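In structure tokens, the next block holds one chain alone, the form predicted on its own.
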Amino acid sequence: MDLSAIIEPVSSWIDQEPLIFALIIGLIGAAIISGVINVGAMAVVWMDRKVMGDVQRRFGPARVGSRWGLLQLGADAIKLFTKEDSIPIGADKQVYVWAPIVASITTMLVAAALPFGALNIGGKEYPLVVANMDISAFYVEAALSVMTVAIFMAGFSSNNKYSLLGAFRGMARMIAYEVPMGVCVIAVAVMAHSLNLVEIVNSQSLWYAFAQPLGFLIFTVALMTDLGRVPFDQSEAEEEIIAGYTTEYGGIRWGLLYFQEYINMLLGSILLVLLFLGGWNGPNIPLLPPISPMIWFALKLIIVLEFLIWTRASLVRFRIDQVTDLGWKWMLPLSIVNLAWAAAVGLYFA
């Protein structure tokens, strides 16, 4: 079959209609990345329940979907989708409805610029990323912070004092920890001489977790805070403010907000692996050289996720004043010290 008869007209059409072609490619990429992210987040929810069950000496999901409970999340989703969709009296309806949507859009914005591993073809690695931007590290960190806006929208619009308290706590936490988190990203960029996540991964002949141990620690704590994981889940502290910003939500809207937390957990873990743990770098695995980078990336990601789940099962919730004090009095000054260290090392090895 003569492929030139097909390729030449398509190439000519692409040259004539570049915007339409870009739109089509964007829609295809969005569909693929949405599927990957949602399936990955479902796996994270299952792993969270199973690991928590093991730590607390329970079975965890063990009925729906054989003895492993693999279909439990599907059963929960059906239950939430069929529940009555109600809006509280006195709530700001438009903001209330849009809060879960903003949370969902935020995760897709983050996912678009995150590399999800690489394939080794012919001895050359090809990163799996939708938008390989020059400032992808800065873009992802900025987009992650938009999730807090969705939290504030949900809490402010619910006409509930507990929801409003949860929203205020979320904003206070964000302001205290987004700055040191961003400074750590700048420190990595200074040492890698790039803000491109793919180039940052390729520059890590030595993992930045070892080159910047202080920055790695600060970024990990700040990421846990940004994700709202225990011991930093003050925005939805059940024992203190019922369920915080989700108190007045139910059905599918609550399900969206709940699921976005796990999507953010997956995306944040991927960002940590890319910035500090060498991404997909690792020795070739015999008999599997094409997918060897994907295997290393998946192993590192699972370890980070296990750590986040372990901390949730092991630590107690801090008070909100302790969280803000830690952010302003310790994390911010130490992040600046780490930036100075990264600048000195980066200039020396430039």
Partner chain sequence: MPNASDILSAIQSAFPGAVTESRVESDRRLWLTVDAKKLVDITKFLRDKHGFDHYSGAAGVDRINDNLFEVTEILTSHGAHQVVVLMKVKTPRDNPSVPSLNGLYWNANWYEREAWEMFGINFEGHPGLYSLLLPDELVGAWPWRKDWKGYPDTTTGKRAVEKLATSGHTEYRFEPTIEELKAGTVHQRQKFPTFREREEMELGSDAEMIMHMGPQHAVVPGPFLLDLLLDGERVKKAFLDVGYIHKGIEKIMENRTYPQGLVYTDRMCYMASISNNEAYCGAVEKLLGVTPPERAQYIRVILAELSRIQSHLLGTGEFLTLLGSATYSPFMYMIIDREDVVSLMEAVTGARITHSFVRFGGVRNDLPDGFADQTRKVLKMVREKTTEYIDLLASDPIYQQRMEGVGVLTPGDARRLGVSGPPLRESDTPYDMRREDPILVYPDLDFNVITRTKGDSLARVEARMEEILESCHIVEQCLDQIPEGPIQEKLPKKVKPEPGEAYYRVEDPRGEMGFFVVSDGSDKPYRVKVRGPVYAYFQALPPLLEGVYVADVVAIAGSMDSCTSEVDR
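Numbering follows the first chain given and starts at 1. Bear in mind the structure is a predicted one, so any value in this text is a computation, not a measurement.
Absent from the display: the form predicted in complex with the partner chain. The rest refers to it.
*Asks:* Though the partner chain is not shown, can you say which of Leu299, Leu287, Val316, Val39 has a heavy atom within 4.5 Å of it in the model of the complex?
*Replies:* It is Val316 that has a heavy atom within 4.5 Å of the partner.
*Asks:* Which of Val149, Val95, Leu71, Ile242 has a heavy atom within 4.5 Å of the partner chain in the model of the complex?
*Replies:* Only one option qualifies, and that one is Ile242.
*Asks:* Among 316 to 324, 300 to 308, 287 to 295, 62 to 70, mark the stretch whose residues have heavy atoms within 4.5 Å of the partner chain in the model of the complex.
*Replies:* Heavy atoms within 4.5 Å of the partner chain in the model of the complex occur in 316 to 324.
*Asks:* Any of the heavy atoms of Arg173 lying within 4.5 Å of the partner chain in the model of the complex?
*Replies:* No - in the model of the complex, heavy atoms of Arg173 and the partner chain never come within 4.5 Å of each other.
*Asks:* Report whether the minimum heavy atom distance between Met47 and the partner chain in the model of the complex is within 4.5 Å.
*Replies:* Residue-level check for Met47: no, no contact with the partner chain.
*Asks:* Hey, in the model of the complex, is Pro231 touching the partner chain, heavy atoms inside 4.5 Å?
*Replies:* Contact with the partner chain, yes.
*Asks:* Is it the case that Leu272, even though its partner is missing from this view, gets within 4.5 Å of the partner chain in the model of the complex, heavy atoms only?
*Replies:* Looking in the model of the complex, residue contacts with the partner chain do not include Leu272, since no heavy atom lies within 4.5 Å.
*Asks:* Kindly indicate whether Leu119, Lys124 and Leu339 are, all three, within 4.5 angstroms of the partner chain in the model of the complex, using heavy atoms.
*Replies:* Answer is no for this spot.
*Asks:* Going by heavy atoms, what in 154 to 172 lies within 4.5 angstroms of the partner chain in the model of the complex?
*Replies:* Stretch hits, in order: Lys161, Tyr162, Leu165, Arg169.
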